[in-house]
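Provided below as structure tokens are two forms of one protein chain, presented individually as structure 1 and structure 2.
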Structure 1
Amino acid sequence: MSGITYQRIQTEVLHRIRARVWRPGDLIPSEVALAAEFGCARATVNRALRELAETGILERRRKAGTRVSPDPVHKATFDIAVIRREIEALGGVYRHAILQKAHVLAPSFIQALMKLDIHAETLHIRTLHLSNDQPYLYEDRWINMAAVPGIRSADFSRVSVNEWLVQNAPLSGGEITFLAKNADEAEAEALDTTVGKALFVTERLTRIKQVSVTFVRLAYAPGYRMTTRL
């Protein structure tokens, strides 16, 4: 069996639902079929589907199989998007470039925000995400190395840190802030715009239980528009 996690199965199930591969009310493949597809144990699939059922996304009935819920989940939630998929869904060709990667002690404001010990090791990584070789999103991220030790051996030249975390970190909560701000020098240089240009920015702090995993600031290129569904 492969080392695939139940979180990765959940990510793929959610992707298929959002892409309308599986529509509301559709019966999805059995646990046995999904286990064979993903090359994992049936128990791993069971856990993935069980947790999605608990959120109301799926409906599970004994001997009747698992269906995509025909009714939307009536609560305000935000999924952490895989930026590559977001760009590809818009018809763009995705590429990312690592601008900086360093294992460092976090500055005091990050320590306070993430509630880290002053000696906690963090990974500071800045990434530029591009669509058709044009700047799309500038990502400035701090990661608590102790919370996700597997990140030490991750190869971010092939998979972005955003996608790696979505696939490998079982996040349980956090906070997200939306704001408009003027581009600073780093953002302006990365996004090929001018200092002071108005940008749409999100800041996100995520946790596993009570342990902070990552704090990230995402600055979108001028003209970005966010659309979501109720």
Structure 2
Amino acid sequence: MSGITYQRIQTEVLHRIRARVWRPGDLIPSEVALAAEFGCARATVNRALRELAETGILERRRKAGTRVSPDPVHKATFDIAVIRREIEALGGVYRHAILQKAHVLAPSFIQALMKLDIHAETLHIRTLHLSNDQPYLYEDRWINMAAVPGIRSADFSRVSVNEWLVQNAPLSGGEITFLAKNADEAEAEALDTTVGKALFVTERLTRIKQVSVTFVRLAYAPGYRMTTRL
């Protein structure tokens, strides 16, 4: 090979954009032209540009060619790990406690959220996750029993619901939302803080083939920060 790698090409492209040789909105040369310039195969240029397009730096369209994005949309990526992992990665000792576990008919707001039947049976579980015995995360979860056969016989004393679902209902789709919320009484008590304190909350709705499996709200203890590199 010529020693040209797709990463080398990416570096060069980024350099040219930074140096304003190619400016936001500009059309850059075609793959064929760049392959000729760099003395490599088109496939190599293709991979380089395709990946840059995935990050939002370039925009590509057949026939129209490749442009530098006019206003680059940064794509921030966050790792959503199993909570135990998250805590252990921070050097904490993980422990969890189940505060409540009940089989109930879905209340109306959960029916609406999860698009459940009026008579749908759910498992409602509230769990506290601790790091070094300090409250770390308060979990309020609703599970659609119909969607997860086998959950009746699961034992959540050793493995948390969180982890059990990951293992037994993998690769599900859904949405995740981040928001801020003033602590209510239940949250304040669980997280050992005061009512009204601003909490970082993530809500996740998980589906397998259009069917809602679980809705979970995770409220982090005050001071939590979710960070990523750009």
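Start at 1 and count along the sequence of structure 1; that gives the residue numbers used here. For clarity, a rigid core is taken as the largest C-alpha set superposing within 1.5 Å between two forms. Every value quoted in this text rests on a predicted model; they were computed, and no experiment measured them.
Where the criterion is the form predicted on its own, structure 1 meets it and its counterpart does not. Ile17 shows a C-alpha shift of 2 Å or greater between structures 1 and 2 [criterion: core-superposed Cα displacement of 2 Å].
Core-superposed comparison between structures 1 and 2: CA of Arg50 displaced by 2 Å or more. Once both forms are fitted on their core, a CA shift of 2 Å or more is seen for Gly39 between structures 1 and 2. On a core-based overlay, Ala64 has a Cα shift of 36.3 Å between structures 1 and 2.
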